[in-house]
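To begin, one chain is listed below as structure tokens, in the form predicted alone.
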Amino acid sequence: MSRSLFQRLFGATARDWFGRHILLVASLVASLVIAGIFILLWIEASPALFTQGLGLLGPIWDPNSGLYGISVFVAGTVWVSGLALILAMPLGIATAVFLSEYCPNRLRRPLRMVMEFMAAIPSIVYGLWGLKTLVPALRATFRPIVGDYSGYGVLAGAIILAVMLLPTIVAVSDDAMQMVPDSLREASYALGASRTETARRVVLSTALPGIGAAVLLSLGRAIGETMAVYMVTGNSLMYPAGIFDQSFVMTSVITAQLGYALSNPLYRSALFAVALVLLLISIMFTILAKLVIRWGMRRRGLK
């Protein structure tokens, strides 16, 4: 084999060509998987969508009466996931700033290991902890204040979900801050900025895309989490009017009732409709989060 032919087949140009096309194939496969999931959910949910119509947006979920209003589950999901993000984001980003800018090197690795260990804990373990520890603690704390409160509800689900989201927010945000060049920090110090001002105005601003990725990842887990939330929210078919009310989230109703719905095609289709709406909400929240991140970057002159 001549050298020129060898270079064409195995040289840097050939490797670059293969690399580009392998990555293209991987991207197409990932896109096809997502499209396949959407198509499957649409096909399975179609009977309920066309039979129930706007009734799917109703407030009553009663399969025995043929009523499949899923808005109660949408409301529960928004309450629990939204409150979890409100609780987890400030604490997670603050922890990431501490690890990146203030934490001594001898403590940084052990703390990162703790965060990674938290991410590896199964959801069911968090659920058992919430059931046996968090719910009784909330009941003992707030029952004298709000009256008849069992400890189950939006607040319990949001707290346990926030704990589960922390490792993702902390790890990804910390990695983004570590990638900020030290030259930017040194330039900030040279201009007389304090460590806190540098962390807030330089490091956080520069690491904003990475922090946005952390928010997106945690948002996906917040909306899609099932077992831990299922065990502590009370699973009441009522609209939550506050953080102390019980709720039923979309993932939980699918887990709890799919086995009963296998013999009833319309019932099963309604649960697939819940899953389809859950997917659409996830996409909508992801797009909204990206828009907010892009707006923040423009405000800081980063894009």
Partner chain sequence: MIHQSRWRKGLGRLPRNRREWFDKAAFVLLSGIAVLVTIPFFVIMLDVIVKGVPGLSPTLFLESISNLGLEGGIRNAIVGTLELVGIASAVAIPLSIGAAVYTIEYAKQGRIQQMVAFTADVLAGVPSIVFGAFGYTFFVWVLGIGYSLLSGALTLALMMIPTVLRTTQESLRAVPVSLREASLALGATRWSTTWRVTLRACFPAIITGVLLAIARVAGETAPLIFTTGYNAESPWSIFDAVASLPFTIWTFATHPSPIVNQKAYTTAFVLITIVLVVDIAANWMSSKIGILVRKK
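Residue numbers count along the first chain shown, from 1. This structure is a prediction, so every number in the text was calculated from the model and none was measured.
From this point on, the text means the form predicted together with its partner chain, which you will not see here.
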item	value
Triple contact flag Leu24, Ser27 and Leu131 to its partner chain in the model of the complex, non-hydrogen atom at 4.5 angstroms	yes
Contact label in the model of the complex: Leu279 to its partner chain, heavy atom within 4.5 Å	yes
Partner proximity in the model of the complex: Thr255 to its partner chain, non-hydrogen atom cutoff 4.5 Å	yes
Contact test in the model of the complex: Trp61 vs its partner chain, heavy atoms, 4.5 Å	no
Proximity of Ala213 to its partner chain in the model of the complex, heavy atoms at 4.5 Å	no
Interface residue in the model of the complex among Val97, Ala75, Leu83, Leu208, criterion: non-hydrogen atom within 4.5 angstroms of its partner chain	Val97
Interface residues of 224-252 toward its partner chain, as seen in the model of the complex [heavy atoms, 4.5 Å]	Gly224, Thr226, Met227, Tyr230, Met231, Thr251
Distance trend in the model of the complex - C-alpha atoms of Phe285 and Val172, change of 3 Å or more	closer
Shift in CA distance, Val172 and Ala289, in the model of the complex relative to the form shown here, given it is 3 Å or more	closer
